[in-house]
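The data below hold one chain only, encoded as structure tokens and taken in the form predicted on its own.
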């Protein structure tokens, strides 16, 4: 009877590892990073392009909110794509690590060892995919923002420059995060 109860639980854990849903902790981390990175253009346009915060308050709030939402989604998309690739690349090293741990334990069976390997592999892949997703998307967003703001839209009014620079940078990051390669 215990095998019947543990099988659905194991299946749920396995499905959770391969789903697009992120944990509350990861979502909060993504949202916090997205909010901070989305607020960076405020300083850029306030100090360098000399847009007054009070005059353009609505533009800044809307641009930052939309950018935060789509950056958060881009983080999640990129994490999902990367997690499986990283898990495959780290599998051999984690196998060796867990095998060394179980080498002296005569009471350990193969199922416990395999479960430990799978859990460790998912833990490592999840952490690495999360950090790389944040790094890659932030770098890509900020490079796009600077190029668009200072080179492409430099002759436009500051309002148009802000809206298009932030909007197109966010759209490019989001669209590139949905790709499979």
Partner chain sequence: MLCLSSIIFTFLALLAFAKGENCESPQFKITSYSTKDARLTAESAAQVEITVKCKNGKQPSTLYADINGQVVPCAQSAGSPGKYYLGVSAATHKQLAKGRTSVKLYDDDTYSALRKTRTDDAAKAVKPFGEVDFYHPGASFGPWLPSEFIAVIGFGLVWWAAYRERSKILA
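Just so it is clear, the structure is predicted and the values come from calculations on it, not from any experiment. Residue numbers count along the first chain shown, from 1.
Another form exists, predicted together with the partner chain; not displayed. Remarks below refer to it.
- With the partner chain left out of view, choose which of 35, 119, 139, 29 has a non-hydrogen atom within 4.5 angstroms of it in the model of the complex. Contact with the partner chain in the model of the complex is made by 139 alone.
- Just one of 156, 132, 46, 69 has a heavy atom within 4.5 Å of the partner chain in the model of the complex. Which one? The residue from 156, 132, 46, 69 that makes the contact is 132.
- Item | 4.5 Å heavy atom contact, residue 65 to the partner chain in the model of the complex | Residue 65 lies outside the contact set for the partner chain.
- So in the model of the complex, does residue 39 come within 4.5 Å of the partner chain, heavy atom to heavy atom? No - in the model of the complex, heavy atoms of residue 39 and the partner chain never come within 4.5 Å of each other.
- Query: Does any heavy atom of residue 74 come within 4.5 Å of a heavy atom of the partner chain in the model of the complex?
  - Reply: No - in the model of the complex, heavy atoms of residue 74 and the partner chain never come within 4.5 Å of each other.
- Message: Quick check on residue 147: any heavy atom within 4.5 Å of the partner chain in the model of the complex?
- Response: Residue 147: contacts the partner chain in the model of the complex.
- Query: Does every residue of 85, 143 and 176 put a non-hydrogen atom within 4.5 angstroms of the partner chain in the model of the complex?
  - Reply: Each of the three qualifies.
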